[in-house]
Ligand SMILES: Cc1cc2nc3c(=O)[nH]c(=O)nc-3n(C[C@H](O)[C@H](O)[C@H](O)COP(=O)(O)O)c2cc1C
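Next up: a single chain in structure tokens, the form predicted on its own.
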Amino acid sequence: MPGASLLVLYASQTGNAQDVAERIGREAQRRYYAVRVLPADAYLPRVAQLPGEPALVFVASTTGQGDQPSNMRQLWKFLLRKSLPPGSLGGIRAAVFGLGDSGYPKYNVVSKKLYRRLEALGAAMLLPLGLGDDQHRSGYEAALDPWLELLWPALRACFPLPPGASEPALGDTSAELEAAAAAAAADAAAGASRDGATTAGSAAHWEALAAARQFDVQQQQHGGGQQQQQQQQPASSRAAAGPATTDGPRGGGGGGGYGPYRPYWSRLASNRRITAPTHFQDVRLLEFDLGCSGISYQPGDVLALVPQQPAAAVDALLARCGWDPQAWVLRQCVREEAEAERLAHFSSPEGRDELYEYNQREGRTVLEVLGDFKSAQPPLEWLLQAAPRLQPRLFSIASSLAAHPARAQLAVAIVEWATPFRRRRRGGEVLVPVWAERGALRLPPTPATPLIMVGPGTGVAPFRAFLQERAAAAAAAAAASAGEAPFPAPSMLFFGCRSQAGDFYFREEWEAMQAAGVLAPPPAGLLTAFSRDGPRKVYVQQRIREHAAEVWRLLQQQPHGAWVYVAGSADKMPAQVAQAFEEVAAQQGGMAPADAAALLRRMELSGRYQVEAWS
């Protein structure tokens, strides 16, 4: 008994906003809404129908320096048209939930702008803007759960239940599962083909199978020598790989037409450890051969790599649930009362912290969760809808095409750790289907602009690309003119790590660039902070304060003041570095603290202060 129509649009760059939108779609189905879940730009061909939509929920993430995700940009341009009258969306009830990271200066700016724009076009906003924060210990779900508890009553006040229907109990998914089971059983009985699969459950199943098959085709076309190895793996492992996202093509300067649906199968040309053999952390410089792919990138861009589930884990999951890798089986979900009670507690507001401890902190896989809840037999098509897709891993490219043609280098930490309950975890193992995407950082338009780069740990990777690009450009200019090169403005690099002997990445390269004049001469060009080498810990923000006079001189240099770049962990570092620059402005420029903070904000807005941080 379908009820009111509900349109759910999402703007997602890494997949989180898509996960949220799909969750809203599933919960809306349980509440008898006729729901559609789409990437924002996929709605553009029907945008003339937007004023007639009764209800809209928009989930939008913020990327880079306050940018819109690539699958929202065209719709956003349309919404910003000055020709749209103020009341053009007056018939819509709308809600917006944003995903962002408060470690960035422009926290959730996309969702804030979207909320204001929908209001300006006359949409009746059902509830205040929801703001999910990756910095929260429970992630964006800490804000999402209470926001959804307000969304459903607000929608119901505008759109009553269909006749004879009743609101599902909180946390009750039985009606949804029964509907999915009935639909799948009907499809199976009728021998439904992919073209005839129109139910919600069967559509999800066929979508996943088609995506996996398409991924296999691309691997066979581009994998070369990897094809034979792929054929030797179990069919279940190949199907599990799947594309990293279903957002559709991502934006960026990748070139070659490659993306999530059509990655380029790159050969790993080299794999070199760049930390000392005795250092506790294993960090590698990986070089990928881009061959004749036509993939191009600019300094500051990222390379997307598709992860793979181990074949043994996929086969164990299939065996645990009794699934045929070529079909699906429907079972009752949880049979034991005690297990059902525990799951109900996890899904309640009171159990949210325990769920975080159980799931996120422990990093449990689907197979491990099913091992704890032994009576659970979830239907496969439900799992395909509810379990998040494998997302690509995005790494800042640590090389310049000008210095390394047809190659892309990454500085990657091989992560191994113990969870709070001492369960071992290991990361960093990936396949090499790749594509390039536009990153958050961009060089100034002229090499006459000095750079101030702050990159602790592997955050230094994009700055290696920056400096290689400038050195290569200067060398090319020198060769072309057969005389003195118009060398780029000398720059400053603040690098931090634990110890000089253990993890001073690319030390010889930095020293060579300093000797060549790409980095400013000592003592200002290469500033290091080795946090564990002395009697007290030293970090990059302290080095910024110690060299305040030179930093301020470069910032104020005419006609091209320095641009500032910060890259690394999103935990505390970006905010502490920003505070250090504000103190430099206050001390050297004689500014009040509020004026120094305002200066930094103006630099952010003009692109002179750029941040790339990750959790």
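For clarity, every value in this text was computed on a predicted model and none was experimentally measured. What we label the rigid core is the largest C-alpha set whose atoms superpose within 1.5 Å from one form to the other. In this text, residue numbers run from 1 along the sequence as written.
From this point on, the text means the form predicted in complex with the ligand, which you will not see here.
Stretch 98-106 is the answer when you ask which of 448-456, 98-106, 528-536, 370-378 has residues with heavy atoms within 4.5 Å of the ligand in the model of the complex. Residue in contact with the ligand in the model of the complex (any heavy atom within 4.5 Å), chosen from Gln579, Gln29, Gln588, Gln65: Gln65. At the 4.5 Å threshold, heavy atoms of Gly15 reach the ligand in the model of the complex.
At the 4.5 Å threshold, heavy atoms of Ala613 reach the ligand in the model of the complex. Proximity of Asp134 to the ligand in the model of the complex falls within the 4.5 Å heavy atom cutoff. In the core-superposed comparison between this form and the one not shown, the C-alpha atom of Arg73 has shifted by at least 2 angstroms.
Comparing the forms between this form and the one not shown, the C-alpha position of Pro299 differs by less than 2 angstroms, with the core used for superposition. Relative to the superposed core, Met573 undergoes a Cα shift smaller than 2 Å between this form and the one not shown.
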